[in-house]
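First, one chain by itself: the form predicted alone, in structure tokens.
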Amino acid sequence: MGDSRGPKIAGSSERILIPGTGIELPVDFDLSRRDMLKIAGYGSLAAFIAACGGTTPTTTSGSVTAKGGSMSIGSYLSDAVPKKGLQDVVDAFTSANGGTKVKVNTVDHGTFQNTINNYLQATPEDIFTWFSGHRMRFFAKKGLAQPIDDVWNDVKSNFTEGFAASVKGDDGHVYAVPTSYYPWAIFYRKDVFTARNYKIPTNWDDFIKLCQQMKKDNLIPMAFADKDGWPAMGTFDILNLRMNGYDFHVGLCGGQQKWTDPKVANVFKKWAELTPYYSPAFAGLTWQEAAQQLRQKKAGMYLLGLFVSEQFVSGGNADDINQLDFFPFPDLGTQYDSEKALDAPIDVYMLAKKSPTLGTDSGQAKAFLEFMSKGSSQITYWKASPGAIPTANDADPSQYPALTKKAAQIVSGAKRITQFFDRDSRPDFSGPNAMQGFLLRYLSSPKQDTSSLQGQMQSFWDSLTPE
């Protein structure tokens, strides 16, 4: 179980006694830094030896158990499909890691996201599920996340440079292990398009014409839901990216551009062309309910992330997932169409610096992060939650269905990739009291003159204390 990077104790067949344990080891036993991490992860040197194929030694005071200590995870994976995926990974980790006891505290996704700042400053679990991008760097900068450079040095060869860059803080330290990603696109059912002879639109005019035809055919053209607040951000992102370009978008998210800019007004005007085709009473619908409209053939299209597939997996009809497909957001006829920019958020696992148990659970927690860096572990999660594409280089793509392969392809073809508004902007501007609320107010009257709304958005930004 050792690796060539760690120091080795040269010697022959002589044996040494580990003080206070009653355990004898050969002098040439190979112990690297990774091995020491794993020993901590197993909770005891005895469990580590047993996992390597040796026998469990005993001490003079009794037997040494193979239990691997304990650790905890704070998770926003509250929907049934991803929740099962995490549990499957935890079960595999427990089995492989000497019986480590893992407590998972699952909180509703929206609640977790909106209260994360208070959570991390109180008594968080050792590990928490989170996102890369600005929001990862934000909490790292605030001293609420623990650097994991030691773990990363052992696993970084299993990730591309893009993923490596996504988990670095402003100080250059690594704060997370990237485990999955998913693109945003327009999803539809192949059988519905075939039956109605609908054509995939590649430009905005054809897209709107398709919406008009679907409405005539008594379909909801665009499934849409914004009870949770964040889904509307996905539409703002893609319109702003395609109309004003990647640089303006990330500058707007970060405060370098102004919300009062006429470019933002143009985004809202373009958006108003699409809103007549949305689901009725969308402000009271969850994204899952809108996904069911698509699955049940009540809606023709849905702009969302690949995680929409969760609702097709759990929908009851085995063929539903086979009918799910997507196409890229149509071109808008601007100079920025060539960027093919899109949201493709990366999900990560991080260590909570203020966890009251991290001091004693550090070895187990870091062993879990290392476990999550493996393609086999990410595939275990993906099998339960097919909307989450593994990030590890050694994940076996031969198992992917056509939908997953297509999703990976669309991301690789994008010249600019964003993480999603609430990950690319600061959290105190992304929440229900700010961007989420502003967009809901816009959507309540899309034809409005947005000058006043834009002014309020800029004033709110200006009122925030510097990060």
Partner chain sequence: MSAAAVRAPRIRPARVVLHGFLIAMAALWIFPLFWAIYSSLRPISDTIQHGYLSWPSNGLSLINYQTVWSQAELPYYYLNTLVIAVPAVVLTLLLASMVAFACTQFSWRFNLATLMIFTAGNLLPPQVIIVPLYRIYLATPIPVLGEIDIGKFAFPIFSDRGLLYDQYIGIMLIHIVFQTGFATFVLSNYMKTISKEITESAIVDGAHVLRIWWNIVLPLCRPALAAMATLLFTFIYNDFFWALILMSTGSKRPITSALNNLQGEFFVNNNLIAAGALLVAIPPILVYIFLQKQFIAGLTLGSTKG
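Residue numbers count along the first chain shown, from 1. None of the values given here were measured: they were computed from a predicted structure.
What comes next is about the form predicted together with its partner chain, which does not appear here.
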Which of these residues, M214, V107, L274, V155, gets a heavy atom within 4.5 Å of its partner chain in the model of the complex? V107
Contacting member of T94, T334, S78, N266, with respect to its partner chain in the model of the complex [4.5 Å, heavy atom]: S78
With a 4.5 Å heavy atom cut-off to its partner chain in the model of the complex, the contacting stretch among 115 to 123, 162 to 170, 255 to 263, 302 to 310 is 115 to 123
Give a yes/no on whether P356 approaches its partner chain to within 4.5 Å in the model of the complex, heavy atoms considered. yes
Within 4.5 Å, heavy atoms only: does K83 come near its partner chain in the model of the complex? yes
According to a 4.5 angstroms non-hydrogen atom cut-off, is K199 in contact with its partner chain in the model of the complex? no
Even though the partner isn't displayed, in the model of the complex is K103 close enough to its partner chain, meaning a heavy atom within 4.5 Å? yes
